[in-house]
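In structure tokens, the next block holds one chain alone, the form predicted on its own.
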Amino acid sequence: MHPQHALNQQMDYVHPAPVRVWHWINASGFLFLILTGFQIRYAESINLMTLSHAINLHNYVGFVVIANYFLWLSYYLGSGKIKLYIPDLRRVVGLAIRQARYYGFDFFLGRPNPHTMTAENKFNALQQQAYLVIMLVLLPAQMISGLFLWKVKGYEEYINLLGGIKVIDTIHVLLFFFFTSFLFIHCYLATLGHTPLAHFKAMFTGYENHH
């Protein structure tokens, strides 16, 4: 390695082991839920597996993702790291505009990312807002609607209070398409490090390599 290149690098331990384990279990779970979800929704057009196998796998993986979510919640609340998801309301608008400009324009001109990821400041302003809504609103809504669809008779009273099975099914399907789209966007944005695989590697090693 060229000496000057070495001087321009900084290794920060940003992703602790519990976070990395949770992340990859969640990512794997999402992939299985998406594949089985498409099979269930479009059973007449897709033939990846039988419908009964798709439903069983979807249910089992769904419970794994739910358990994994509560591990995430316990870790972040217990360690106090949940504050990483809370944006600074005094600066969030300006920081969000700068970050959006970077993603949409500055990156393609080779300009530096306005946000430097550290263990204490892990997410940029756009990530904080997106992940806060996803982790505390949308993902719980998807899990709850999934539970209701898993045992319709057992949760019939709650389902009726929320408008009936069609409303619950619509919520679940719309969120299913949202999370499918989010997975593609998330993977794309993860390629915007100093190399396309830098952020992916960091989620295995825990270390972000800043240039």
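This is a predicted model, so every value here is computed, not measured. The first residue of the shown sequence is 1; numbering continues from there.
Below: the form predicted together with a small molecule, not depicted.
Residues placing heavy atoms within 4.5 Å of the small molecule in the predicted bound form fall in a single listed stretch, namely 179 to 187, out of 158 to 166, 179 to 187, 145 to 153, 55 to 63.
Annotation: in the predicted bound form, residues H15, V19 and A27 each come within 4.5 Å of the small molecule through at least one heavy atom. Among heavy atoms of Q99, none comes within 4.5 Å of the small molecule in the predicted bound form.
A residue is said to contact a partner when one of its heavy atoms sits within 4.5 Å of a partner heavy atom; Q127 meets this definition for the small molecule in the predicted bound form. Interface membership of I134, defined by any non-hydrogen atom within 4.5 Å of the small molecule in the predicted bound form, is confirmed. Contact check for H23: a non-hydrogen atom falls within 4.5 Å of the small molecule in the predicted bound form.
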